[in-house]
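Only one chain is included here, represented as structure tokens and corresponding to the form predicted alone.
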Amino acid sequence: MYPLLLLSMVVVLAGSFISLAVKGRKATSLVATSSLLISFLILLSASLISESLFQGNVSYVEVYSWHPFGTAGFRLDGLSVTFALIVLLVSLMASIFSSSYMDKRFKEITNARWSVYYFLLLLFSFGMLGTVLATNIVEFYIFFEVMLIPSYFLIAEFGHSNKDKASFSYFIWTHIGALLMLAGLIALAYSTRTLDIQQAARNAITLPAGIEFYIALAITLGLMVKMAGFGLHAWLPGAYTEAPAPVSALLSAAMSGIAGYGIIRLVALTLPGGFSYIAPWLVVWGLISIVYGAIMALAQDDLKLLLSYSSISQMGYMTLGIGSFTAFGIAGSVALYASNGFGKGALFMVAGIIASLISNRSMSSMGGLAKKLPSTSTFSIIAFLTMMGVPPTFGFIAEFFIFQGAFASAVIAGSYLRLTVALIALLGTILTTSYSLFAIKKIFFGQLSEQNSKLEEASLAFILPVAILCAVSLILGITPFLFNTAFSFVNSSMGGIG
């Protein structure tokens, strides 16, 4: 077996350091985009080597000796394949978008600054990719921290006027969450006598219920900080708003949902006994996040702030699906990660396009932009429809199965609480639709102001990444093999519980 997963990782890491060596916008952009594209194609090749991987039946695993931590490596299976492909796809689109956006936003940017920007962007992608492919508990934590550090510097060095406060809050909050998760991971490794994640799941069967619960609780709470669950979300609005648009796209569309991957992999599938006590409360937490994020999004006039609070709401849907503790609900959450990647990634880039054209993020100063920006408006509407879960976008697939899992768990448990939460969450989609339609109306329809009457459509370099993300959402909405893959894997891992 060829070391394709290792090669995919090495290509991204090598690209980040090569970016430091080359000079100029075009050269660094070419290096970054090429390395991400090559890595994506390698990963896709690994996925296609066995036709049954996309049916969730097999894993593509590479294991290497790692003294003194036993073995470590990379695993591509029915769960990690979706996260890994979305990380690389959104990173690739962000890299393409960055070349034009950062050039327009930082006209004075030096060659050295271009090199640093793409170095950090690729290192951020490297950390995210390693986190979802890791087979070893220590390896998982190292990549999780690698994910944090470059993302902090991307905000602190290239953000907007309040970048210092936003980046500091982001670093403190997410690092506290990482430390809490680390305490749980150490306890997991010590209790199961192994650092291998798969072996830990097998050994955890013998753990006392109390120990399993507290380990599951520590890991879940730590990861919920990164996922920006309600009450642990204080860092998110500032970080997403102050970051450059392509970095905001990566933070929202790729990074936050990786915490959901960690909860599924390290808690729900590794410590099912402990998670069974946490799951009902996670469902409630998801509902609160859905409603809070959507209401706050409705109250915003700043487009990036609206999208930032929307991210809290979207992660609430993911939390609801995971908390259902059913194969349909968890697989729906994996699909939600993908649909959020397409929709939110595209919308943060649209926010960057509009801000670069009118130097303003206030939706009150927009209106009627569909007349001047037909392509931008068309793809924006598709992205919003993805967030709303309207067929035939992939968002519909995600939300349909999240709610199927939520209602199924209520019926299986005979719980009126779960049933009530599922019903309220379903009604919460009205709020998602409301802020989406509100934004579409204020930005693209109505009276075109005189100051915007001379606008021209953005260049292809701006539009292409947005168009690709929207196209993939529509294609997967019609042929949802990513959901089928996740469902098959999760269903078999849970012993065939639908």
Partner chain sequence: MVYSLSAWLVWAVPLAGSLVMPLTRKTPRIRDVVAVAPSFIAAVLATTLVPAAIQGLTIDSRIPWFYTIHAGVLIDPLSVIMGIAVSWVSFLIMVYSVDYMKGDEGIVRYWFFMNFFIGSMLLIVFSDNLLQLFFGWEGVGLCSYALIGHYYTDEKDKWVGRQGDVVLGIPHAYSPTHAGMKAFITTRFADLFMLAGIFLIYFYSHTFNYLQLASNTAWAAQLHASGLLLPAMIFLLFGAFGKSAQFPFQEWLPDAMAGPTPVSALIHAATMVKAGVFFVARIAPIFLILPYAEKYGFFGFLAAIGAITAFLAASQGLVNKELKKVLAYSTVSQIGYMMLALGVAGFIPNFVEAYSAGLFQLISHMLFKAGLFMGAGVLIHMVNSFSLDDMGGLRKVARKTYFVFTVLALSLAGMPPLSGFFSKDAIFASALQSTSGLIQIVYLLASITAVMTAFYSIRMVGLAFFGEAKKVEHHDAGLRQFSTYGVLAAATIIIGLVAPYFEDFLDTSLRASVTAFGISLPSASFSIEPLALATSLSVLAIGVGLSYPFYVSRNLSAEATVGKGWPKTLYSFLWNRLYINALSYRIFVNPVLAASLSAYKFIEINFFQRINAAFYTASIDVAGAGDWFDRNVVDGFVNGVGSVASLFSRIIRRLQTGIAETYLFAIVVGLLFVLLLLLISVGVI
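Residue numbers count along the first chain shown, from 1. Values in this document were obtained by computation on a predicted structure and should not be read as measured data.
Unshown form predicted in complex with the partner chain; subsequent notes refer to it.
- Shown alone, this chain has one stretch from 349 to 357, 336 to 344, 279 to 287, 404 to 412 that lies within 4.5 Å of the partner chain in the predicted bound form by heavy atoms: 404 to 412.
- Using a 4.5 angstroms threshold between heavy atoms, Leu437 counts as touching the partner chain in the predicted bound form.
- Although the partner is absent from this view, Leu182 contacts the partner chain in the predicted bound form, with a non-hydrogen atom inside 4.5 angstroms.
- Remark: Tyr292 counts among the residues lining the partner chain in the predicted bound form, judged by a heavy atom distance of 4.5 Å or less.
- The partner chain is not drawn, but in the predicted bound form it has no heavy atom within 4.5 Å of Gly127.
- Using a 4.5 angstroms heavy atom cutoff to the partner chain in the predicted bound form, none of Ser59, Leu154 and Gly262 count as contacting.
- With the partner omitted here, the residue from Ala234, Ala209, Leu417, Ile205 that has a non-hydrogen atom within 4.5 angstroms of the partner chain in the predicted bound form is Ala234.
- Residue Leu385 is the only member of 373 to 387 with a non-hydrogen atom no more than 4.5 angstroms from the partner chain in the predicted bound form.
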